[in-house]
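Just the one chain here, the form predicted alone, laid out as structure tokens.
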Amino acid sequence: MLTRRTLVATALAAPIAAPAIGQARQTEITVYHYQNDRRGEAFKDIIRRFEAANPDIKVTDVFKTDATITAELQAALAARRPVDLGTVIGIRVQFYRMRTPAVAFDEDPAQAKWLENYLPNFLDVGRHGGKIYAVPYAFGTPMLYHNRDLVRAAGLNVDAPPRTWDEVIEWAKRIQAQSGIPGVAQIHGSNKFYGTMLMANNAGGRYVSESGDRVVLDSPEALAGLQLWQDLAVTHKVMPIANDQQWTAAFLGGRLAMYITSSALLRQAVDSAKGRFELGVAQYPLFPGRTQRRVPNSGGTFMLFSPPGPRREASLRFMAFLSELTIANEWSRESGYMPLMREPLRDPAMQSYVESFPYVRPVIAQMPDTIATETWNHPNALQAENTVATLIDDLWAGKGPASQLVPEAVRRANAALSRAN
């Protein structure tokens, strides 16, 4: 009779099976991401093709929602669960660099030649001390979506969309007067962070200091940007007060004339507009008196957490695969995110895509105007963001001009950050 002791001894004495001749040992890497539905399938297909070309590497993808991935990734790293590559939202890059075992992609320059494929300004979000700690893979840029039927009915030239905010306001007034439909709205983003930064940046200012630990919306440039945002709602009365979900639904349903939101909405907008209205897409409007757009990217990056050795080498090979022009362009086409590589139209497949889907032309044209999203380097940044979000609500409620409300809100936000320190 076999006893438990006999079974254990037999198991310990049994030889370990070696890989069959010609069968390489696989290195497994774990990738955290927030892509689902169509984008998720496109990402998984790219993984399958990478594995087919690299049979010695197995990629395990872990899906988390975009709302939870920051906390889930932090928890996995803290618990020392396997994480080789993880999606980090742009505003959190420097926080992760400082407070996690993040590794620069070009720690070994010989293994990072593929970084040269990217448009250089797209790498700025992860640049620190001459190294690249984050690489874009799900970037959006703000576009001016507009209902060409409403534009035409208001007697405006549908083939000459607004180039400046002054022109946007003029269009919004004309359309609203003719149709009674609200004229324009601009994306908030989480805790109004993205919309506020967008207004400040395009006016020549900043939301967060370059050190990532203070709010700097009280500069003359940022004040001018926030005053314009208030004017849309209070002075010109062309922007209804709502949240991003309500604005998106209103625009897609033909109940909002113009909507500034991410290029990531492009495919959904095209599909929703069919049979309802003629869609127009244009670049983000220039701030009055400025000749250059400054539009921060939205969306996520990949950061590297692999320990030295085979997993890190495999992770870098996977990233090199993602940065190949044809693969990166395919991901852009399937996902709706911005192209990321230098001169994306060098790829014949991308040229054909643009010819068949011209809505994407303004997105490509805006690539050089993209600047890095500002990043926090403070564990209690949410306290400051809450203060600024309340400030924006107060501006839209007309409780005072930006010159009065902003400096006091900045003082409170920075005091909260100082107390947290």
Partner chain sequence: MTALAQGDLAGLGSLAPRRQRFEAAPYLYLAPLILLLGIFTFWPLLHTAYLSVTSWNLNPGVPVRYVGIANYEDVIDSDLFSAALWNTVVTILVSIPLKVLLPIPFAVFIWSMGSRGEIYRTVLFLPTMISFVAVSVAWLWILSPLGGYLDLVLSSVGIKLPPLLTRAETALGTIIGISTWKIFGFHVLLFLAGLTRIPHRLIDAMRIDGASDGVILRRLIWPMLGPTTLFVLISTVIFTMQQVFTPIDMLTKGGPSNATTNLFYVTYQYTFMNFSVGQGAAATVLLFVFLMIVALVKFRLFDRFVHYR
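Residue numbers count along the first chain shown, from 1. Being a predicted model, the structure only gives us computed values, none of them experimental. Basically, rigid core = biggest C-alpha set you can superpose within 1.5 Å across the two forms.
The form predicted in complex with the partner chain is left out here; the points below concern that form.
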Is it the case that Asn380, Asp393 and Arg419 all touch the partner chain in the model of the complex, with a non-hydrogen atom of each within 4.5 angstroms?
-> yes
One stretch from 78 to 86, 212 to 220, 156 to 164, 113 to 121 that, in the model of the complex, holds residues within 4.5 Å of the partner chain by heavy atom = 78 to 86
Can you check whether Arg92 is within 4.5 Å of the partner chain in the model of the complex, heavy atom basis?
-> yes
Is Arg99 close enough to the partner chain in the model of the complex to count, meaning some heavy atom within 4.5 Å?
-> yes
Ala314, heavy atom within 4.5 angstroms of the partner chain in the model of the complex = no
May I ask you to state whether Val270 is within 4.5 Å of the partner chain in the model of the complex, using heavy atom distances?
-> no
Exactly one of Pro240, Gly205, Pro344, Pro296 has a non-hydrogen atom within 4.5 Å of the partner chain in the model of the complex; which residue is it?
-> Pro240
Sole residue of Ala250, Met319, Ala224, Ala104 within 4.5 Å of the partner chain in the model of the complex, by heavy atom = Ala250
Has the Cα of Asn54 moved 2 Å or more between the shown form and the other one, judged after a core fit?
-> no
